[in-house]
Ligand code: ACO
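Heads up, the chain below is alone and in the form predicted alone; it's given as structure tokens.
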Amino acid sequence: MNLMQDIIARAKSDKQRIVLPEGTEKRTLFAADRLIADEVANLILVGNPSEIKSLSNQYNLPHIKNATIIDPVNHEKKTEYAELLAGLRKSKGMTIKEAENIVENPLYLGCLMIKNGDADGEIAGAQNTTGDVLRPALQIIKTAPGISVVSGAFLMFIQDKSYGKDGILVFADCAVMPNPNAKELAEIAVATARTTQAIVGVEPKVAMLSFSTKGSAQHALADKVIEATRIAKELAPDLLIDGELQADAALVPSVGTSKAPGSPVAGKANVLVFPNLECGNIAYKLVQRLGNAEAIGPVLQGMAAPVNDLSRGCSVEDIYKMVAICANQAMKK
């Protein structure tokens, strides 16, 4: 069984309530029909019930009728969610009247459902920008205890099985934080390790990447990674985290032994934490395109409950896989 099959099997074993705020979007509906048929998750579709029914008939999606369908404009918990939102945003001056309008936004409604205990996770982004998906999540669900930043990890399935865990590596941050400081970078490392535990199901070996290995170069950029490594070890002493390491020292056993002897991570890393978004985003796309690797994500991490963002160019298969991943995150929460 490969990792994705394992992730789907785990989701089936403990079905989570995953809300899809873009409930009338075509790819979302096709993915939802498959997910329901395969019993991967208990799905909640947000959208006009008549429109969803009409589209499911038009596209011949017989399983959509088994989803929970929530009309964002008219449902029994609208007042309850509005009061919850107004309470959460009271310090920002939000009134009940304003909240009653905002809760009709499916992205806000999905997050309020999670906050209220009526859903376990959310997938959106097929129609909406990352900013639109993240804004209500940060306002309502907020970050996990001890974490102040949200970041994005990619599961990288590499052709060469000698790297990572049978060719599986986790890259971060590749999606959210442009230039994290040392503390933020440390939190990204810890969050990525927890993602690796929850989704890949292996012990994370986290390499804090730089152009320097153990003082081989002197520069403020390397100093940031050194400091981030120190903070990460303090935040999570149970994790294997080491740095600063060059990419070859992190991945190649002979290079790791030579450049960082005695390191618990060098030469056998399965989690690569990049010093900034520029490096992370470029790296995952180069590995994906030139190395013919499969990249699944971004898996948003650092939230108090799982909310994941899709690319607006996503496929039905992407949505299917991300729902299964989101369910695995929710199980760990």
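Residue numbers here begin at 1 and follow the sequence given. Rigid core: the largest C-alpha set superposing within 1.5 Å between the two forms. Everything numeric here is computed off the predicted structure, so don't read it as measured data.
Below: the form predicted in complex with acetyl coenzyme *A, not depicted.
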| query | finding |
| --- | --- |
| The unique member of V176, V252, V200, A260 whose heavy atoms fall within 4.5 Å of acetyl coenzyme *A in the model of the complex | V176 |
| Heavy atom within 4.5 Å of acetyl coenzyme *A in the model of the complex - residue from R89, K183, H75, R230 | R89 |
| Exercise: N281 in contact with acetyl coenzyme *A in the model of the complex, heavy atom 4.5 Å | yes |
| Any non-hydrogen atom of V150 within 4.5 angstroms of acetyl coenzyme *A in the model of the complex | yes |
| is_contact(T130, acetyl coenzyme *A) in the model of the complex, heavy atom dist at most 4.5 Å | yes |
| Non-hydrogen atom contact P298 with acetyl coenzyme *A in the model of the complex at 4.5 angstroms | yes |
| Partner-facing stretch of 137 to 145, 97 to 105, 233 to 241, 205 to 213, counted where any non-hydrogen atom is within 4.5 angstroms of acetyl coenzyme *A in the model of the complex | 137 to 145 |
| Rigid core fit then H63 CA moved by 2 Å or more between the shown form and the other one | no |
| Exceeds or equals 2 Å, Cα of I36 between the shown form and the other one, core fit | no |
